[in-house]
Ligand SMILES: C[S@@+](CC[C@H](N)C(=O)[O-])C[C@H]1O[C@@H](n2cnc3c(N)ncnc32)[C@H](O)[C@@H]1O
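Next up: just one chain, as C-alpha cells, the form predicted on its own.
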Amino acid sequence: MDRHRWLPSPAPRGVAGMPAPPLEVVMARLAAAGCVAADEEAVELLAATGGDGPALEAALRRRVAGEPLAWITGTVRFCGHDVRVDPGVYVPRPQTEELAGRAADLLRSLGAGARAVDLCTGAGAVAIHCMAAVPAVLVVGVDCDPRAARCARRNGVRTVVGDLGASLAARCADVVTAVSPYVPTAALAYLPADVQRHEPRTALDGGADGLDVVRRVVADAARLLRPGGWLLAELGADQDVLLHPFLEEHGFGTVTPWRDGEGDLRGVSARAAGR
C-alpha cells in the first residue's frame, strides 16, 4: 500500500516573501524530471522542508538534478524504521527488507546471546531492523567506507571500518548478512541515470559476473560463523546458480534462494556446517 496515500496534503506556507508551491506543482516538476513516484516524493519533500519556500526550491533542484531523495530529506523508511542516510552513503532499497526480515527471524529463533555481523552495512539499515526486532542480540556492522560507518553509528549501530570481516575474530557470529555490490560491471550502464551519477560505485560494481565481492563475503562468513550459523546475501539474476559451487566449497549447505513477487532472485541463505 502507498504509505502516503492516506496522509493529508501538507499546507504550504509562505516564507520570506516566497510562498511554497502547492503539492500538485511540486508533483509536476518531479514527474517532468522522470521521478516515477512523484506523488510520494512531493509529500516527503514538503514535509522535510516544512513548507519553507526557499528550502523546498533548493531541495527540488537537488532532486531534479538526480540526487537521491534520501540524501535530501536525510532519511529513508526501511522495515518500518526511519533510517538516517548521509550524502554519499548507499541508500537502502525496499527489496532488502526481505533479507532483513529473514535475518531477524533467525536471530529470534536463536534467542538472547546470539550475535550477528552485517557486512557492507552502509547506513546500517539491516542491522537497525535486527536490533529492533531482537533487542537481546548483539549486532555489529562493518563497512570499508568511513562515511558509511559514521552514518551507521549515528543510527545506533556498533560499526567497524574494515575490509569485510578481516578485522573480526573467527567464530564470532551466528548470522552474517551482506548487501555487497553485486551488479555486473557491464550492467551498470543499465542502472537509472541518477544512480549512476550519484551513488557510490563501490557499493554497486560487483565485477565481471557481479560476484567478486560476494565470493569474498562467502569466504569471510565461513570463518566468522559458528558451526551451524547462517549467511544471508543479496543477489540478482541467476547468481544463485553461479555462487552455489563456491558456497559448497566453503562448507555451506542448505542453500535456499528467495525471490520477489515477480519471480526475480533477491538473495540466498546458506547454513555453515556444524550442529
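Residue positions are given as counts along the sequence shown, with the first one as 1. Given the structure is predicted, the values throughout are model-derived calculations rather than measurements.
The same protein also has a form predicted in complex with the named molecule, omitted here; what follows describes it.
- Residue in contact with the named molecule in the model of the complex (any heavy atom within 4.5 Å), chosen from Ala104, Cys151, Cys120, Ala114: Cys120.
- Contact annotation: of the candidates Pro184, Gly162, Gly156, Pro87, the single residue with a non-hydrogen atom within 4.5 angstroms of the named molecule in the model of the complex is Gly162.
- Contact annotation for Asp145: at least one heavy atom lies within 4.5 Å of the named molecule in the model of the complex.
- Contact annotation: Ser167 falls outside 4.5 Å of the named molecule in the model of the complex, judged by heavy atom distances.
- Within 4.5 Å of some heavy atom of the named molecule in the model of the complex lies at least one heavy atom of Thr202.
- Of the heavy atoms in Val179, some are within 4.5 Å of the named molecule in the model of the complex.
- Partner contacts here mean any heavy atom within 4.5 Å of the named molecule in the model of the complex, and among 202 to 210, 35 to 43, 48 to 56, 242 to 250 they occur only in 202 to 210.
- The putative spot formed by Pro68, Thr73 and His129 is not touched by the named molecule in the model of the complex; no residue has a non-hydrogen atom within 4.5 angstroms of it.
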